[in-house]
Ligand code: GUN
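As a starting point, one isolated chain is supplied in structure tokens, in the form predicted on its own.
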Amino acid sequence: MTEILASKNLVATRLAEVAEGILVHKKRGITPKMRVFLVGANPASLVYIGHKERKAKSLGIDFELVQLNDDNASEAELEKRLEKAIIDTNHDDSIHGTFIQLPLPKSFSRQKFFNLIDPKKDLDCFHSLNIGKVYFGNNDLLAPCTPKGILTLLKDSKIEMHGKKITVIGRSHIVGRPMAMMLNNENATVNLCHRYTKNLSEHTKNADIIISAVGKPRFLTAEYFRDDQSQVLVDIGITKVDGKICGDMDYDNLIGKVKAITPVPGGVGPLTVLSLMENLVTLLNMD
């Protein structure tokens, strides 16, 4: 029988711990606050920001959106405004954590702006100094939110990573690459696949755990996996098709063929938001 790795109960438990951490700082006279930057008015981005804002406020965290959205401004002007806004935030002691809601316009250098953020306020852990600490083995404190959430889920579900063969599909700097590093820190043997990987099914069938961040709805069908109920599937993809949210995995047709699988929605997404809140507590505790 396939185990459904829903995250609801885990997230509720961990958020209660976050709330306790926030309360400690409030008793010291500190009101934790996070600020998010958004360039433009991407509808999906606004939805994601709304989720994060509601969760933050429910935990007693102040939340501020800085939206740079002027139809008459050039992208060069928007870059200057974003740069100034980040620098101002770095010097604002009332802001304890900040992040940029992606995507940014294609002409923007993402890493340039990630590195403008003060590493001590870097909620997404994308600053080169912070991601460098992950490279050298630090999984336990500040870490990129989605990979951190996935490790939280796997550990809570008692899914062994040590010595296991894990295939990660998607090599973005946001998810795939840090995910591979963090799994390697857990002593897994990691295979990082991407759009140019040949014979992808050979890699997926040979893995104990498969983590997909492709963004193609139901791309990974039963043909990509063994049917011996021994594999664990983690689905990061999220796409709306005909009004329904689905992931990279052909979820309905994989039930009964794999050991465990995350649902979409209700799997990785809430863990990403959880990790953002946990990172804020980490940053507060570093002060």
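Position 1 is the first residue in the sequence shown; the rest follow in order. Please read these numbers as outputs of a predicted model, since none were measured by experiment.
Here the subject shifts to the form predicted in complex with this ligand, a form of this protein not shown in this document.
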* Asked: Does the 4.5 Å heavy atom contact test between F113 and this ligand in the model of the complex come out positive?
  -> no
* Asked: If you check in the model of the complex, is L102 within 4.5 Å of this ligand, heavy atoms only?
  -> yes
* May I ask you to check whether I174 falls inside a 4.5 Å heavy atom distance of this ligand in the model of the complex? => yes
* Spot the stretch among 85-93, 123-131, 200-208, 148-156 with residues whose non-hydrogen atoms come within 4.5 Å of this ligand in the model of the complex. => 123-131
* Scan 218-248 and note down the residues that get a heavy atom within 4.5 Å of this ligand in the model of the complex; none is a fine answer too. => none
